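Given as structure tokens, the chain that follows is alone and in the form predicted on its own.
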């Protein structure tokens, strides 16, 4: 078990390249961000309507050293001031992960610094410790990690102690947003585009299914049937006459309902002191609003800049491992399907 200690101080450079964001950050004590640099590839992948892995890897190679240099300059420190170098080891795209891990290994060897390989999902969970509400956090916490690649419910019992309650059985929520956004002719990424379009739509216009809500499915999620239902509905309209705003609002309502219902059930069943939302989809306004309305316990969400992939969250997670003595070998390799528990 990992216990907090005010006597253990760290200054960590973290690198994150799990997907299409090249990021580096310097964080003190797992809570204070000294710098947080993110080079986005959104425009690069927009023409494909999704992440093109080979393109992502090449772009990481091109920008990773300038991003790290910018993070170090922004923190006004040198490598001698660092206690550790942390990097996302997985889960993620293998090519993208390799760029980050190999860079971190090279820096750790050249600068004689300890190395830590961090789970990307744990990073999202620990992003809440970078918020102004960190001092109010008490365990156990129920965390919904919801992003382009993940929709997972974890009960966090303490730092480093997690219980996986359920996750997506098919598409992640963020992936569903991207696919439906593309179907409706909205710009990539689909999440923010659908969120914006929904503001002008009627979420009662179409009654789309809320799948896997039955008790036998536990705390798992399913969005493939919802995608099919939206596709079938679009075929009822002539080309150029899609009620995009109503379709977007109704689709979003179905996703939000599924996420909220399962999260509320798990929070009640496990006596959570609070619910934390993390990951890119946690920036969705309807999800935040509905979750807060459905729960009497606190619902906390990272600042918008920490919802999407970033390196500060990796440093926050690395802090707790480092102060408890963990060090990883320079022979460490990436694990694209790395599990948290």
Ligand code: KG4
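Quick caveat: nothing in here was measured; it's all calculated off a predicted structure. Residue numbers count along the first chain shown, from 1.
Missing here is the form predicted in complex with this ligand; even so, the following discussion is about that form.
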Where does this ligand sit in the predicted bound form: which of 77-85, 129-137, 176-184, 105-113, heavy atoms within 4.5 Å?
176-184
Pick from 243, 192, 166, 95: which has a non-hydrogen atom within 4.5 Å of this ligand in the predicted bound form?
192
Please check if residue 120 has a heavy atom lying within 4.5 Å of any heavy atom of this ligand in the predicted bound form.
yes
Any chance residue 280 has a heavy atom within 4.5 Å of this ligand in the predicted bound form?
yes
Can you check whether residue 37 is within 4.5 Å of this ligand in the predicted bound form, heavy atom basis?
no
Non-hydrogen atom contact residue 147 with this ligand in the predicted bound form at 4.5 angstroms
yes
Heavy atom contacts to this ligand in the predicted bound form at 4.5 Å, residues of 293-325 in sequence order
307, 308, 309
